[in-house]
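Read the single chain below, which is given as structure tokens and is the form predicted on its own.
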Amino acid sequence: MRTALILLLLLGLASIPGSLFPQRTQSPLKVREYFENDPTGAKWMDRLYLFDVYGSPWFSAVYILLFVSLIGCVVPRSWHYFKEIFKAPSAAPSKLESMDGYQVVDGNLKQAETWLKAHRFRIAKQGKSISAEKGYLRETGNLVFHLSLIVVLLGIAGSSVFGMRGEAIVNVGERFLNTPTSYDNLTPGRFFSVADLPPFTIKVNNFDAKYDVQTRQPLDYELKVSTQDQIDGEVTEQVVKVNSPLTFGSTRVYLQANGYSPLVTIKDKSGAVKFEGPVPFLPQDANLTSIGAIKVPDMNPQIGFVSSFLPTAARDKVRGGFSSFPELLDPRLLFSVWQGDLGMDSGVPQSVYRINTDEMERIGLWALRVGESYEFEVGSITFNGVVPWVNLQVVRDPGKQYALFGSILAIIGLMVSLFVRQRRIWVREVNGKIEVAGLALNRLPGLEDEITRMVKELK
């Protein structure tokens, strides 16, 4: 048990980095920001698994050792308890005077036996003495608590090994098909097969966010979607909120984050459209001041726009351009135009929100309102409008029910072990009188009061 407690403390300490640093399974966008802002530092942090704490070898080692330690502790105790529960209470000591609450009173064993049975004691008679015991459920609660911890650990491990987590940014008006290629980030468990992904489709119809005018804090998020299960083909209109996910069997779809995608049209010098559509931008603060990159590799030379989007445009001397409110009250698209090599043909992965301009030349700088256009040396850009996007998190936790069941049992077992008092009382008849004494296991209070009540009633 001492080893288990030490490992439990180590597990708690090992969990601290998981709350200090963003985790890939929860906030891949935040992790991406670390790599963009400090590539060298983020690379070392990644080597130490600080972005994947709960899947790291060192966390798993503590987790497995705790699991083994708990089994090694609880299983022998459970077997011992199983044998002891059917045994009669132990015989009275030879000298009761040394025990707690010792008293001598007029009476007989029959009266004492009646009182003990009325107060739910298990009794055993040996000649002219009675052994009684009560509160054995305390040990039951203790064992249930520790066995429940094993169930919780198994549930969490089952979710990690057989489950999956994935995220996808979907613009309003677009569809999400539950296939591996539709995910921006997909983390399957070790024994999870992508063939096990449930076939369903989600069409994002509308997203409505309400904010407090004074504090600018979000009051409510409401996402309206049309879902279709590919098995039965039925289309259903549903509403998703932060704590009200979609459910497809054992898979749930959560509304995790939101932002904006400016709609742009980019043409070359001849007027041919080279790019048209929404571009998701990454929010940087609570007012959804966002950054993004618009890349047009089909133009010659290649063109990139290092951009910022402001839902409600404002400006000051210190911060420059920023958004003063998260709603679309005065949307503005700010950008600088760069020409040269975007580096998209090198085969090296790069962020969709940033452009490496080391091999590029800036040829323009401007800001647009909705409906405005800007012409540069080799083409033009038109800001057509804005559509919201939502980040959908798809989670499959097959062990969640077991973890919940184990947690409930653990709480029940803990309450039983805390509030049930285990004690023994011995009664011996000597020369027409009876001697009464007892023993409170774990030195819990209340034994002497109970013996006093017993003596008083026998008198």
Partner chain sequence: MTKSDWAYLSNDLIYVAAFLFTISFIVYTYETAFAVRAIKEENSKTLDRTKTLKSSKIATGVFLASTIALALGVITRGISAERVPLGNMYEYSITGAFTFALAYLVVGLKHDLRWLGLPISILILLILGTAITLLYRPSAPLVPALQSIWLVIHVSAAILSGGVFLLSNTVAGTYLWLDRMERKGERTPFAKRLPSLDALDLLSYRLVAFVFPLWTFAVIAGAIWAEAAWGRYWGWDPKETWAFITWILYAAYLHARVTAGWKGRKAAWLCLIAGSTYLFNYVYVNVWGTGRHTYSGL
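Definition used throughout: the rigid core is the maximal C-alpha set that superposes within 1.5 Å between two forms. Remember, it's a predicted structure, so these values are computed and weren't measured experimentally. Numbering follows the first chain given and starts at 1.
Omitted here: the form predicted together with the partner chain. The next part is about that form.
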From the list Leu48, Leu404, Val430, Ala61, which entry has a heavy atom within 4.5 Å of the partner chain in the predicted bound form? Leu404
Have a look at Lys295, Arg165, Lys134, Lys267 for me and say which one sits with a heavy atom within 4.5 Å of the partner chain in the predicted bound form. Arg165
In the predicted bound form, do Leu219, Leu414 and Arg443 all reach within 4.5 Å of the partner chain through at least one heavy atom apiece? yes
Tyr102 within 4.5 Å of the partner chain in the predicted bound form, heavy atoms: no
I'd like to know whether Ser159 contacts the partner chain in the predicted bound form, with contact meaning heavy atoms within 4.5 angstroms. yes
Looking in the predicted bound form, any heavy atom of Leu418 within 4.5 Å of the partner chain? yes
Please check if Asp358 has a heavy atom lying within 4.5 Å of any heavy atom of the partner chain in the predicted bound form. no
Heavy atoms, 4.5 Å, the partner chain in the predicted bound form: which of 318-326, 191-199, 138-146, 335-343 makes the cut? Say which one. 138-146
Taking the partner chain in the predicted bound form, which residues along 291-319 bring a heavy atom to within 4.5 Å of it? none
So, superposing on the core, is the move of Phe145 at the CA at least 2 angstroms between the shown form and the other one? yes
Lys400: after superposing the rigid core, is there a C-alpha shift of 2 Å or more between the shown form and the other one? no
2 Å or more on the CA of Arg77 between the shown form and the other one, with the rigid core superposed, yes or no? yes
